[in-house]
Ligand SMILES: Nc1nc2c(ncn2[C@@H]2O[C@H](COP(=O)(O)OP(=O)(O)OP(=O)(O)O)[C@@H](O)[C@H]2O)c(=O)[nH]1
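Here's a solo chain for you in structure tokens, the form predicted alone.
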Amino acid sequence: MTPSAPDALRNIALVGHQGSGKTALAEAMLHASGMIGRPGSVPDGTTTSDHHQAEQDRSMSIFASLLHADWNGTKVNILDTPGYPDFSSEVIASMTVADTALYVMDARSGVEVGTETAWTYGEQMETPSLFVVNHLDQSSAHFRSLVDEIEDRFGAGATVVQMPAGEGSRTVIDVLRMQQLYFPEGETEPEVQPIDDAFQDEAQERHQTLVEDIAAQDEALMETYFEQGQLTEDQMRDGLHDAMLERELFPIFVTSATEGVGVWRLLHFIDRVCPSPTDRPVETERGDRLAPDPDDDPVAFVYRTMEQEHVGEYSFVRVYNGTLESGQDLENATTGATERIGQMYVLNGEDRNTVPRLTAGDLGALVKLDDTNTNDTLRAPDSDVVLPPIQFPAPRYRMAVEATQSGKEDKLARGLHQITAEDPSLSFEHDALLNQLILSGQGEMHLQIAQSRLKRRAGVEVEFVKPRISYRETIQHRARASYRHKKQSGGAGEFADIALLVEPLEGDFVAPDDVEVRGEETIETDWDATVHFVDAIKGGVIDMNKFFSSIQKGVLNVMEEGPVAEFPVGDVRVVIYDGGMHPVDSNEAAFKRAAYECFRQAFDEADPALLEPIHTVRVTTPDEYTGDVISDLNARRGRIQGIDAQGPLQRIRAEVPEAELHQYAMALRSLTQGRGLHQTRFSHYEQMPRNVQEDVVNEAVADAA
């Protein structure tokens, strides 16, 4: 395909709920444009878009697929995105580089959660949008009730451009052109007919509403409408184009993708009305706007990276300025590294065609880039342009990951680095205290796909286990203890005598009458705890210049694996106020041992307790599920902090123990029929109830046995 000028490009993203027909619509677009001879089938695993084995096994989209079609000289880049909520990062990345979002909706099912979620992304990105009501040929399709639902949920800007001529029909009425289009079976182009009398009144009413909706967005068009009582077809197209750019109007189309009904007219609308890259300059990180100019310095943004079998790693790019050519040297704005541009492809799923260049506004794939990842900007070496990174959703689901075979730990670590670089909505961390690798993502299926990618990419099989909780031990009161360490086995012995006072680290230290502060030191531990050491030794009974550090080491050794259940000890104050030493037998090892035992005794006397991590949880749910969500949070020992209304949704804020949030994403999905979403963030540590503490201690003892 010859490189296209920016105004002859259309970048569209097909978004919406799982099963609404996005992949079938993409297939129908390719067929209608002559890119493929016959459309494939999702159930049969033969579509151009869903070409990964995991997608064919599950009969669903998992990865966003880049496709393209030629329509009357306009190159239409099509991003077919998954609808399952675990793969929202694929939707966000695709919508970032698209100029129009097509919200594909099942005429049988109404507004579904996948559509609502994608609509939120579109609002955040200010993406021009239209609705495609699909499956209109089905007898259970309900176009008119769905239009009411669209207007109720997404606003009065939703405006009907097409309507079906009866439920379950192969006929579409175009109320912009006031034509009836019949799509014969097996044909892509329609037969143009006069509108049936049965639909003439409704078509005229919807035409008038469409004209008024368009005119209301532009003063000049409004004056023309008042003067002439009508708008021409060109005026309506131009008005729709401008209103879509401002997100004031959202046209509604109808299709039956699997039957090819309505697709021909939809492609005409995309070509003649939807925004081009020229209409939507990108904002750089410094705040200026970059309009596409093929003759300017090249700027490209990597919105996705993906390993492709037999090819290597694809870097999917949108060229925002200039022209990319093979052999070009560009600078990675993130790393400063120079990348030599090699082969470039335009894609239809896994089918690829080599092209010599990609021009401003276009989408394509690069291969064999050495040091470039998702969210990187590629630019001319003397350029200072940086494009803002995609904001991927925070993880909602986490599991500990382990290699099923010993000795594979290094391969596992390399594999985790690879897949998280490709998919930034995945993240992993090594918890040194718990000795676990934690992999986090958007849901159970997201991690299952990561599991298969680890096997394929890194050659390591893994299993998921429940993450351990990073509890802390603490004390509730002040207590004292003393300990004498004495060891004599011939020759030099060991001797150390020490007395300690311990207390919770709250506020300033108030010294007892028999304690006189001589020096203080605060230490931040590797497990994010603070220890305040106070030197209160009188009369030099212990040489603190010589043994202070040994005493600290002994105490810290206990704190790293606490006396209650071997969890790290939280913030404490340790006062060294008495003791004794021997001129020959006292040494660092003796005082380290004495401090270790003395601190354990004092800790046991200070009413020890366990602290558990508390997370701030924010749940967004339709109002009808609010009561069930709150009841479930209460059952998880959560405390509701507030409830705020946002249109038809409720936002619930709560504080919930981390131990109660394992697999919460799945529970919330079940409670809300898939329409609830949540985010969590660590807040603080808090003492747990005594009965819960007993269970945790017993479990820890059993694990250690």
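Fair warning: this is a prediction, and the values are worked out from it, not measured in the lab. Each residue number is its position in the shown sequence, starting from 1. Just so we're on the same page, rigid core means the largest C-alpha set that superposes within 1.5 Å between forms.
Missing here is the form predicted together with the ligand; even so, the following discussion is about that form.
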Point to revise | Site check 21, 43 and 81: each within 4.5 Å of the ligand in the model of the complex by heavy atom | key: yes
Review point. From the list 659, 60, 671, 35, which entry has a heavy atom within 4.5 Å of the ligand in the model of the complex?
Key: 60
Review point. 94, 321, 162, 134: which sits within 4.5 Å of the ligand in the model of the complex by any heavy atom?
Key: 134
**Study point:** Proximity to the ligand in the model of the complex (heavy atom, within 4.5 Å), stretch among 403-411, 590-598, 313-321, 252-260
**Key:** 252-260
Exercise for review: Could you confirm whether residue 138 comes within 4.5 Å of the ligand in the model of the complex, counting heavy atoms only?
Suggested key: yes
Point to revise | Core-aligned CA displacement of residue 406 at least 2 Å between this form and the one not shown | key: no
Exercise for review: Kindly check if the Cα atom of residue 545 is displaced 2 angstroms or more between this form and the one not shown relative to the superposed rigid core.
Suggested key: no
